[in-house]
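Shown here is one chain on its own, the form predicted on its own, set out as structure tokens.
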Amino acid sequence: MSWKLKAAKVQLAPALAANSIALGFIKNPDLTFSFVGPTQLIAEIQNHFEVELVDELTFFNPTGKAGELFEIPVSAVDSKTDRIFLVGLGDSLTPAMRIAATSIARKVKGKNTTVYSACAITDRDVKAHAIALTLGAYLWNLKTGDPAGVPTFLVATNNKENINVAISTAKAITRARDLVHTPSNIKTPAWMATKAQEFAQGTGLKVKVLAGKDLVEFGGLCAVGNSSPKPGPRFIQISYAPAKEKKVNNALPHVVLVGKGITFDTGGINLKRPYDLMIPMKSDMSGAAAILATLTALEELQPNVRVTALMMCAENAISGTAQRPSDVIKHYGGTTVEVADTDAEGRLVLADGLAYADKNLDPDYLVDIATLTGAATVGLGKQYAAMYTRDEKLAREFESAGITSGDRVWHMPLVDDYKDGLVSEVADFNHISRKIKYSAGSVMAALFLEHFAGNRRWVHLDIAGPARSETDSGENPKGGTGFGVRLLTEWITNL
């Protein structure tokens, strides 16, 4: 990993053992400044380094906005510390704590250095701040030569368990990002299966992989994936159950997660144009990466719930065996679908996964997550995922988990008036609206998938916007963000 994260006591000694100390400040209504961290610790730091922090800060004429950072040199005979970072906390709410953390992380990204951060006080803010430190410091590449340095973040808190939760979550997000960033000449569906087995090794996670003739009932997965070179598509099932079940009289709730795992998407016969739209398509398996990574976090956190992840992995390539517009395929469970556009392949593989879960796994909750439609990005941009469900209580739970975790979602409507757009003359459904144009691509995809979820408590997450960042800024690197790991982990651990 490109970071290290540890808990550190709210005391002067661990602060003086770090190369840098980060302290958060706010601008008061009377235009004065004050520091937000532990009052006694800040006083001890000022006394030890013989520095008046408010005076030093005022010299820079700060605005107080979240993430604003100023650096002052310090020295003391009995301390490794040679600088203090003064970091703006804006309104000092949890989102501002994340922004401040990323400013600190980017200051030391790729360096072998230690930072002691005392910006947050409450457990919720400390956890959010700690995770954001790791996200801002994330690095991934395949360069040869000297590796980049790894910063170590010491987060000031007396609640070590809270930081352990942050570490598990941050490791999972890093795994998801690593999977997404891996180029598709390496990242085949078979490689994804190997990574799932690797992550599960030595843990309680159980992995089952289907390939070849075992996929004959998965019409969508085969239609999309059989155009790629060998070894072809994979159905990857990962199962989590707590090591010690705490409920005696009642069965544990069962959550099934279904993730889109298109390891590269050319668009198929309906080739993506212009061609530069294809360049980021190694990230089209972000949904599958998110659910696999989430299970690795759950295995460490041990919530009292059963979770099964279904990774629907295929490459949407072009060859003599590629599916064609007007083909009719039979999905798992028997539903027939007319293919209108081979570049709308994600819903075809998800449909098989949802139908399999509904028929075989008896989920109490059924959640699918996918980089599915450009329409979701047009509507919501890069900051929110589109969420579809008819279960209002479940929607509120996900909205709350999104606000708490930082992976935010927006509840979108399932418009029944649009269903006639999915009517086919030759099959049970069209998989996109072809004859009737409603200009609601994300809604149409959700309506299509809803059929395969049966009568389950179902949520569809279209993460096409927040799953990939076009710039290296804030919490996110350019490329895969690992969106969904924090959201799902937060929601599941609070069931």
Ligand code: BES
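Counting begins at 1, following the sequence as shown. Keep in mind the model is a prediction, meaning the values are calculated, not measured.
The following text describes the form predicted in complex with the named molecule, which does not appear among the structures shown.
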Among 108-116, 373-381, 86-94, 151-159, which stretch has residues whose heavy atoms lie within 4.5 Å of the named molecule in the model of the complex? 373-381
Residue-level contact is defined here as any heavy atom of the residue lying within 4.5 Å of the named molecule in the model of the complex; does residue 284 satisfy this criterion? yes
The named molecule contact in the model of the complex: residue 265, any heavy atom under 4.5 Å: yes
Evaluate residue 187 for contact with the named molecule in the model of the complex, applying a 4.5 angstroms cut-off between non-hydrogen atoms, and reply yes or no. no
Is there a heavy atom of residue 427 lying 4.5 Å or less from a heavy atom of the named molecule in the model of the complex? no
Exactly one residue in 272, 306, 181, 171 has a non-hydrogen atom within 4.5 Å of the named molecule in the model of the complex; which is it? 272
Of 129, 177, 260, 234, which one comes within 4.5 Å of the named molecule in the model of the complex, counting heavy atoms only? 260
Looking in the model of the complex, the residues of 197-217 with a heavy atom no more than 4.5 Å from the named molecule, listed in order, are none
